[in-house]
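Given next, in structure tokens, is a single chain: the form predicted alone.
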């Protein structure tokens, strides 16, 4: 049983890490909690359902079409909601309320279009899983784990070594100084929203391969992403990855002796412990530059 829970925790952690990484990329450049990140996650799942189930498009093509549209949705949210607020130099509280408003609006729009019923991406018979020690992993779970880890590595390398990644880091450190050296902060912020939203959409698609799709699924996802980011050191790219895996494993091992319904409670308990004992997250209190 512990081996199965550990494996389940690693799989869940890979999804949490994707959500947290996307959240951290956006947070680094705009410095506020982008709660609408959760509804982009939901949108990714519904777009995949539309392309794959309703339009019968090849699953791989459906996956890439969905994450591209999620990236465009992230750009649209920034251009239509956050950019006007930045121009007016609104406070972080206003940005937070705006992001929550976007979340509620898009969630109700999804429910209006697709209905409140539970949907699924799963088709065909359930295949027998593979045995690893005393744990079992299904082919779908293998795909989730492989694709998640592949995306995490690609995005870490992109932010670390590419020109755009370096521009994003420069804007996160000091927008004024970045402007002086020729970096356009607004275009860099748009790029952050595109990349972060694509990751959220990918996470929504991957999790919907194993679980059901419903309009309210994004709220729990954004909470897990925020908690994982805080655990790893909010704004830290490697911290977001590590925090996601840590949270997934801790949640699943935590329900070994108690009911599964306490999983969300375990997440909040872990968050409180980290805030009390290690305010800067797993990597400790660091400056934005040191967190890169």
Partner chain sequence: MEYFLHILIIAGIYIILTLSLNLIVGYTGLPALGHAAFSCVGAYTSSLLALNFGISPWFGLLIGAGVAVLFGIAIGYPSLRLKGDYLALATFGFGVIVYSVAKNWVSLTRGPMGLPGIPRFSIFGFSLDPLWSYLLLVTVFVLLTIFVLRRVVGSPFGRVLRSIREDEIASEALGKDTAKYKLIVFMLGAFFAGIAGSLYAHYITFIDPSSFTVMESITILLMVIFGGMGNILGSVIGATVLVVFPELLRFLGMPSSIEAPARQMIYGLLLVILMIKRPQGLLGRYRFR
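Keep in mind that what you see is a predicted model, and the values were worked out from it rather than measured. Numbering follows the first chain given and starts at 1.
In what follows, reference is made to the form predicted in complex with the partner chain, a form of this protein that is not presented.
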{"property": "Contact label in the predicted complex: residue 250 to the partner chain, heavy atom within 4.5 Å", "result": "no"}
{"property": "The partner chain contact at residue 87 in the predicted complex, heavy atom, 4.5 Å", "result": "no"}
{"property": "Contact flag, residue 54 vs the partner chain in the predicted complex, heavy atom cut 4.5 Å", "result": "no"}
{"property": "Interface membership of residue 139, the partner chain in the predicted complex, 4.5 Å heavy atom rule", "result": "no"}
{"property": "In the predicted complex, the residue from 80, 179, 117, 211 that sits within 4.5 Å of the partner chain by heavy atoms", "result": "80"}
{"property": "Contact residue in the predicted complex, chosen from 63, 27, 245, 46 - any heavy atom within 4.5 Å of the partner chain", "result": "27"}
{"property": "One stretch from 184 to 192, 161 to 169, 199 to 207, 100 to 108 that, in the predicted complex, holds residues within 4.5 Å of the partner chain by heavy atom", "result": "100 to 108"}
{"property": "Stretch 215 to 230 - residues with a heavy atom within 4.5 Å of the partner chain in the predicted complex", "result": "219, 223, 226, 230"}
